[in-house]
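As structure tokens, one chain now follows by itself in the form predicted on its own.
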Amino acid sequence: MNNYYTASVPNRRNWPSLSGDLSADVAIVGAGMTGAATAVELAERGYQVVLLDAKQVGWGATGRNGGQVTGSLSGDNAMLKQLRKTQGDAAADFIWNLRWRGHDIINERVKRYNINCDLKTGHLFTAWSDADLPEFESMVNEAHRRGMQDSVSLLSKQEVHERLDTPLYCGAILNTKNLHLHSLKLCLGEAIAAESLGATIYENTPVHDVQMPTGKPVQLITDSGTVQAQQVVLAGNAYHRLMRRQLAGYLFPATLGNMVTAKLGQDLCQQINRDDNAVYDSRMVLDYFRITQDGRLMFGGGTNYSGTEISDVAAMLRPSMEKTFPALKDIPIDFAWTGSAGIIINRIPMLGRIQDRVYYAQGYSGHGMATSHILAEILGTAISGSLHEIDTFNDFWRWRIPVPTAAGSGLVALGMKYFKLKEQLGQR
């Protein structure tokens, strides 16, 4: 079946393939959310930018995800534990501010460049069991302590069921600062914005090698030409295999499944999701869903951490969707697809530099919408000469598993089975 995101972009902009040799201040490999957002950051700062993608702008996880922009920062607990050793109590403030930074970047950019990406506000983080509620209450109290009383509140089971026509969930956190949107439209809009600022974009141009000759610009090697740049950003996440000596063993692909129903009509949309909130639940391997701009339910979940393909996405997800919303039993599924997310063992996103000339950002572990924009801003600041934040990320310790990617994905899958079993047994 087709990808809903691709099918719902009218008059999609296409860019040419690279032909010949050229030079730039900065070359970015990967034109997904990270690459496009970084291109805007750098072009706004006056850099001559070339953005390359092996497929098309937004072809990877950017155009295949659930479209939710939330403050759920991947690896936050691991980051906090490490940062406290050097920053003390200030570590919690750093992570809290990082958590919400992407929202502000996206809102401002959509407004500045008039990007039509079906942007909506409102999100429910739903409690799968009563055991989740003490932690939920603690999270809400912390949000209120930090001034988010008007945008974050704790809902009872009854209040959740007033908003969602489902037999599931024991409570929820309502967050009106969180966003949901058409992620491919956002990425395309940012690519067009970068181009309007002078960036050059090439599609269907896979980069096969990155060469760093001493005393010369970095060279990107493709079948149809080369790009020489003073600095390079690797933004391919789970879709590239460049600089393996430095980067292999940290990131492992997981396969995401997502689908979209036939159009439901206004009445049924309001029945199942009264306030048009995006939703995800509290389980380790969770379900996530939202109503699209044209009145369909987008429903994702069942992440395959072994990295292997899902043979029938709709068949895998339909039972969960119908359990969540019995009113949608036997509803036609118009679109179903998969995508690859980059998983880091301790979930801390990877952001750093190699020999001060090649930068990389990857491994959002399913939380890439906001995180990609945060790291893109940090990349722009680093390339402009301020290295404090990027060095903070570069210094984080992460597990490195020195095995082939398939074997590493198998180990990640085994670990997830262990945590899922603990979850099923009621252990936290």
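Residues carry their position along the shown sequence, with the first being 1. Predicted model only: the values in this text are computed from it and were never measured.
FYI, the form predicted together with a small molecule isn't displayed, but the following is about it.
Would you check, heavy atoms only and a 4.5 Å threshold, whether Arg109 touches the small molecule in the model of the complex?
Because no heavy atom of Arg109 falls inside 4.5 Å of the small molecule in the model of the complex, the answer is no.
Any chance Gln228 has a heavy atom within 4.5 Å of the small molecule in the model of the complex?
So Gln228 does not count as contacting the small molecule.
Taking heavy atoms and a 4.5 Å cut-off, does Tyr288 contact the small molecule in the model of the complex?
Taking the distances in the model of the complex, the answer for Tyr288 is yes, it comes within 4.5 Å of the small molecule.
Within 4.5 Å, heavy atoms only: does Trp96 come near the small molecule in the model of the complex?
Taking the distances in the model of the complex, the answer for Trp96 is no, it never comes within 4.5 Å of the small molecule.
Could you tell me which one of Thr126, Thr324, Asn258, Thr261 places a heavy atom within 4.5 Å of the small molecule in the model of the complex?
Looking at the other structure, the residue within range turns out to be Asn258.
Among Pro253, Gly102, Gly236, Pro349, which has any heavy atom within 4.5 Å of the small molecule in the model of the complex?
Going through each option in turn, the one that passes is Gly236.
Contact segment among 378 to 386, 42 to 50, 29 to 37, 391 to 399, judged by heavy atoms lying within 4.5 Å of the small molecule in the model of the complex
Residues of 29 to 37 come within 4.5 Å of the partner.
In the model of the complex, does each of Tyr4, Lys120 and Arg296 have a heavy atom within 4.5 Å of the small molecule?
Checking in the model of the complex: none of Tyr4, Lys120 and Arg296 is within 4.5 Å of the small molecule.
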